[in-house]
Ligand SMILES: Nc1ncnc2c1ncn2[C@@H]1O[C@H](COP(=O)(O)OP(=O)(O)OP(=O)(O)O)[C@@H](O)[C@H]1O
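First, one chain by itself: the form predicted on its own, in structure tokens.
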Amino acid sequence: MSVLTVTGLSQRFLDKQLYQDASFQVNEADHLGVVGQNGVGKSTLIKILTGSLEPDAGTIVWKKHLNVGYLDQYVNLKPGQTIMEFLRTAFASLYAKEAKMNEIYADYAADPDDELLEKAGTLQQELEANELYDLDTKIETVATGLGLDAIGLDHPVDALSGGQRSKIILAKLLLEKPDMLLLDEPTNYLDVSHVEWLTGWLQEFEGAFIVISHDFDFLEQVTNAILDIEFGTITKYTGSLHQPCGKKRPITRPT
């Protein structure tokens, strides 16, 4: 089933036509890599898909109620907030429900009422089903996988370098586990061991994703389909990449 349908997409930048009347679909099981030479419009495509850039022509149709996560390097970080506090915002809705549950239990203690107890119990069951009490362990696992433990989870976010900032934004996005991920060069600033960890995480990811990367070895390991942008066209291929004579090329027929 399609989660994203792009039809008749055209985009021009200055005197260059990036794409002309391009169409493709992304399906639920697609782990899709975007490839092409510098300047062909890979990052522009992500901006169009997120709605931050209006295309010259074409339609972008997402599946209804789809939760899409975007690696937004420009997200605002709260001064004074620690890395751990920032990463916990990935589970803000669960922590809000926990606060509500505690409030209801406090009301019950002051004025015992079976209805209050039932409400609190329902919330507690929901929180336990979502592993509320294991969230810090999940956060620490992802943080370690991306090398944030070396910085220290008590480190203030406003004292991070640009590369460290990119890491914590990526970590929060992975913790949120949306239905679909849009990733633009996620391996930037990652050491080899951290790229290996991210590779394993994406291989196990059950949703769809679109990833831009110049690291063809990384793409080879995490993708099962390719969007090739070249000469103003966007072509989707099933399969992954191989690199004869150092040149990328999709290995199977267009779809």
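It should be emphasised that the depicted structure is a prediction, and the values quoted were computed from it without experimental measurement. One-based numbering along the sequence shown.
As for the form predicted together with the named molecule, it is not shown, yet the points below apply to it.
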- Query: Residues in which of 195-203, 22-30, 42-50, 57-65 have heavy atoms within 4.5 Å of the named molecule in the model of the complex?
  - Reply: 42-50
- Report whether the minimum heavy atom distance between Leu18 and the named molecule in the model of the complex is within 4.5 Å. yes
- Message: How about Glu185 - does it come within 4.5 Å of the named molecule in the model of the complex, if we only consider non-hydrogen atoms?
- Response: yes
- Query: Is Phe13 close to the named molecule in the model of the complex, meaning a heavy atom pair under 4.5 Å apart or at it?
  - Reply: yes
